[in-house]
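Single chain ahead, written as structure tokens, the form predicted on its own.
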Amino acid sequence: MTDGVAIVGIGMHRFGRTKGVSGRAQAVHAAREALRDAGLSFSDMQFGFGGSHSAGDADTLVSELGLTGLPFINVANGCATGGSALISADAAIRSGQHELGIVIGFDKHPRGAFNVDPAEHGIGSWYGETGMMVTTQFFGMKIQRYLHDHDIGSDVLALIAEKAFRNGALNPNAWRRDRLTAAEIAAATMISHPLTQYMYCSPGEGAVALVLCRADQARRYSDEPVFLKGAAFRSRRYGSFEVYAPWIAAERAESPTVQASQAAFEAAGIAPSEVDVAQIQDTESGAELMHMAETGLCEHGEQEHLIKAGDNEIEGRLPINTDGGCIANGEPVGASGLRQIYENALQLRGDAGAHQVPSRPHVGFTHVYGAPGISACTVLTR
């Protein structure tokens, strides 16, 4: 068993729409950037984990990267595909099976909303016929209940999206780089009350790759390694109301985010109060609001004050989604969780440029959530 895992190389293909460039080509670009960042070649890799939802099998990337015979395992886990690939790599290194490897997440989704078959999730066709497979409706209903239960005004939803676009404008890898005011966002087309068009993210394209190694070998490859102190994945419990849940129990249970974040912090030996920068799932504005509390970064009902006080801004006490999050970057499913890791690595290394958190953070946290009620979290340090 090893004492830890480090990230020594990061690479990314910008998110958004890249006409004429396949998802696989974007993944190869990200992988080569990560290898270059670590001063390594693909032949040095002892293993690979990776996945996408719509752009092909990750293991076939070896055709471009190198036919070296390494074990490359495809990972498919919805929006948590990237996080699951990272957790798999973490386990492979901590177990002592391997010392050095690569993780790749990528996607290239067609335009429009995700088209999902209820049968793939063990649900009858009636669920799709009611419109509930369109996740905009689910998120609209869930945030309505949350705002009511915790006495939070709906105006904070526009403020969250405004921050996302403001941060995205500073990020050269973001898709949406035009600033929008809270007033413009609130006045946009209503999609599912109280969420308007610009409060949602969109399916898109992009790729991220990470090179990982044993922590005690990290400085062979990087002067600024980032250490993966804790990583955890959880699925939903009985009674939690999650994406594609066909019913709700009489007694409510906590979201998988609660268990995943608690496990990640416990593994790291770090408290939520010690986090300096966080990237959390913002499929839409309401998701960021709810996940702030579910991850332990604040108390339920406290978010409205924190947001209006500017605490979640890049210069604030607890910067959240400093790269613009999913709202500004879009969501290529296979890459979203790894984008969060990439951003936190930049922040901890002091390399985030215009969207760098002042005073160079020491502890970073990531959280990704997806259907059908799954959550992956990490704690990173420098």
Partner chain sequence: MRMVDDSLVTDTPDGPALLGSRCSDCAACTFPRQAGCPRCTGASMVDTPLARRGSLWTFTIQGFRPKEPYTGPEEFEPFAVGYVELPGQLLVETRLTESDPEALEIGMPMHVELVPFRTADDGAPVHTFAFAPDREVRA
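Computed from a prediction, not measured in an experiment: that's the story for all the values here. Positions refer to the first chain, counted from 1.
Below, we turn to the form predicted in complex with the partner chain, even though it does not appear here.
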- Answer option from His193, Lys308, Arg179, Arg219, heavy atom within 4.5 Å of the partner chain in the model of the complex: His193
- Message: Exactly one residue in Met132, Ala263, Cys298, Val156 has a non-hydrogen atom within 4.5 Å of the partner chain in the model of the complex; which is it?
- Response: Met132
- Query: Within 4.5 Å of the partner chain in the model of the complex, do we find a heavy atom from each of Gly20, Ala187 and Tyr198?
  - Reply: no
- Task: Using the partner position in the model of the complex, report whether Ala245 sits within 4.5 Å of the partner chain, counting heavy atoms only.
- Result: yes
- Would Phe227 count as a contact of the partner chain in the model of the complex, using a 4.5 angstroms cut-off between non-hydrogen atoms? no
- Message: Under a 4.5 Å heavy atom criterion, is Gln137 part of the interface with the partner chain in the model of the complex?
- Response: yes
- Though only this chain appears here, would Glu251 touch the partner chain in the model of the complex if you measure heavy atom gaps against 4.5 Å? yes
- Query: Of 121 to 129, 95 to 103, 168 to 176, 266 to 274, which is the one stretch near the partner chain in the model of the complex, taking non-hydrogen atoms within 4.5 angstroms as near?
  - Reply: 121 to 129
